[in-house]
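What follows is a single chain, given as structure tokens, in the form predicted on its own.
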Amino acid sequence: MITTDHTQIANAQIDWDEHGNPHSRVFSDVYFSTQSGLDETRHVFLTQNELPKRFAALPAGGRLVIGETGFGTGLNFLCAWQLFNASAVADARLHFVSVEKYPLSRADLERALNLWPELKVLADQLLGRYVAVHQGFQRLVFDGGRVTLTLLIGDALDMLPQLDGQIDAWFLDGFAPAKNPEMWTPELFAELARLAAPGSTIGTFTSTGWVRRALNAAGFKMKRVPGIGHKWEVLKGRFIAWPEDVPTPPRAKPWFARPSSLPRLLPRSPDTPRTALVIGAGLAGCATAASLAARGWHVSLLERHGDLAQEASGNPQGVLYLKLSAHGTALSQLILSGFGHTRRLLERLQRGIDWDDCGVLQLAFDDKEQARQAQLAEAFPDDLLHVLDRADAESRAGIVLKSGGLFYPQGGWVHPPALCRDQASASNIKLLTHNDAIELRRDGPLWQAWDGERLLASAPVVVLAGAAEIKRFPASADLPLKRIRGQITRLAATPDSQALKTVVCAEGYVAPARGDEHTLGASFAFNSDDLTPSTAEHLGNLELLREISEDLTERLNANGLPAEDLQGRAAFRCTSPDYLPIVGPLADRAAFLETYAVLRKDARKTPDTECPWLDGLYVNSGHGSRGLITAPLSGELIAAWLDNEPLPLPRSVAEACHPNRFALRGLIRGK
């Protein structure tokens, strides 16, 4: 089990001076210079990292990655974004990674950013995406993917070691060393060095001698330069090399490393677009296509049906429900990061028709569930989840209930086809319906998708996103994906049922009306391959409804409904044995078992041999009933693998989702 310190992360505690400037109550320090905040940011971080000329020099499709210690009010990010917009070519990209232990509340962030009218256009975009920002890795995407912000919410020395990526320019910020010494340590500087790209630059507002010496010892070459305002001097530097007298940081195991062959497969000329083929146009496929398209890829999205979202992604309402663990498991970390990413995507859609953040209430239907909920309430902040007694739960839901439960105020329901359609809408995504890829063939640097004797499409990169159907391809046939049939029931709304104000879950779920009907579900049938809706499962769903609320059952007139009149649909969930999705590059299984056969005898051995990757072949599948939360962020993870950019998840979580985990476990267990 992968665990992490799951101490609650609190919002920043801020006092405001007579001029409206924010001060940290915890650190008794200012967030920025009260005399010249903008000028100081531009001088210390933009100028000392040579960003004006580096942004201007970016080629078409080029990218620069900035890392920052201390996001604070977002001022540094907005100034970098403003300069990037002014200096870089239209299809260059900026990726900004920032760590923050005490994130500002949205209200405080808005108040602070109101101090800078010239940044308002960008600040408004940041505020528009600043929702559902919780502990862990949080990804915010702006300007159609031209600018990406990866926020690491937590202590810097907990978060940075989990980051997989290379940083081109460091903003060493944070409260002053005398106020916050934990942010200015050799351990932190070693992390900056570990993540530094060759020739990475760094700027910081302090000129303290021991900070300069510690950065030099970490492998940076630092020097004092003239400051600005009341700062006589500041520091700038460049990463030279990892210190010879310090052990090099451990590399990723070869079976989890980034494939080194990919650059050979992709065109080097900016005039030749990078192309990819995504097979399957459900949540996973549309998310993958969107993430690649945002990075300039031209994507062919193959779908065997006549439209996208025709299988498990085609239900009228899915629930944004966070089944978390208080122990910080890989799945829990993925869900927490994925939930925030999906919530921010939904802001683009039409509330009340495509989605609604009405909240989700999970009833404490027995003693075991009540104990689990109490444990979760201790582990997570109130704005993510909190316990309601029965009276408060009934007030929140608008109906009579049998118990209280755990309330997720930022949850709700989503119409999955609307999210799929939005993600597949980019001009460089071509949806090819009625194209059933039966076979993949390799022709030189290209993968070809065939339907019998008909060539459907070809590209150097293919992402298999067709749920359990990907087992038809030999390269992915051994992945342990399992289909589980689920059936939902559609119930006509009544005047009385409109009282339901939140999604309510017990063993099943029921959602507030979308239009003139409610969605009720969902059954679990482990041994059925028939997708014809069954009367028995409709009746089972009605029993789930009674367990949730007899009151709502009566409001829906569901007790007297003839079974043969019930309407709904069935589809297959696709899940893996460990309930984590399967996301990442695929290896040649036979060659993998041969290359790493030594693990059968000694699991501690790590052969220094590159993994036998199937060049350009990736998978995004196995999302089970959590696809609304895990599939969109997994699309970002695939794009990060392919574009060699910072991963949107902790390295350990990405490895826990990696396709190679199953072959690796088999070797270690001697199978």
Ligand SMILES: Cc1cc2nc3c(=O)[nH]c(=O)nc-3n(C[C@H](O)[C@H](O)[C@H](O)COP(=O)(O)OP(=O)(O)OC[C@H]3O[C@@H](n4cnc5c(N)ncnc54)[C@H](O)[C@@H]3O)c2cc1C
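Just count from 1 along the sequence shown to find any residue number. Quick caveat: nothing in here was measured; it's all calculated off a predicted structure.
The same protein has a further form, the form predicted in complex with the ligand, not shown here; the description that follows concerns it.
With the partner left out of view, is residue 624 within 4.5 angstroms of the ligand in the predicted bound form by any non-hydrogen atom?
Yes.
Flag residue 384 as yes or no: does it have a non-hydrogen atom within 4.5 angstroms of any non-hydrogen atom of the ligand in the predicted bound form?
Although the ligand is absent here, residue 384 would stay clear of it in the predicted bound form, with no heavy atoms inside 4.5 Å.
Quick one: does residue 629 come within 4.5 Å of the ligand in the predicted bound form, counting heavy atoms only?
Answer yes; at least one heavy atom of residue 629 falls within 4.5 Å of the ligand in the predicted bound form.
Within a 4.5 Å heavy atom cut-off, is residue 138 in contact with the ligand in the predicted bound form?
So residue 138 does not count as contacting the ligand.
Considering 295, 304, 134, 402, which brings a non-hydrogen atom within 4.5 Å of the ligand in the predicted bound form?
Among 295, 304, 134, 402, a heavy atom within 4.5 Å of the ligand in the predicted bound form occurs only for 304.
Which one of 189, 256, 572, 380 is close to the ligand in the predicted bound form, taking close to mean a heavy atom within 4.5 Å?
Here the answer is residue option 572.
Choose from 388-396, 194-202, 306-314, 581-589 the stretch whose residues reach within 4.5 Å of the ligand in the predicted bound form, heavy atoms counted.
In the other structure, the partner sits against 306-314.
For 483-503: residues with a non-hydrogen atom within 4.5 angstroms of the ligand in the predicted bound form?
Going through 483-503 in order - heavy atoms within 4.5 Å of the ligand in the predicted bound form - the hits are 486, 487, 488.
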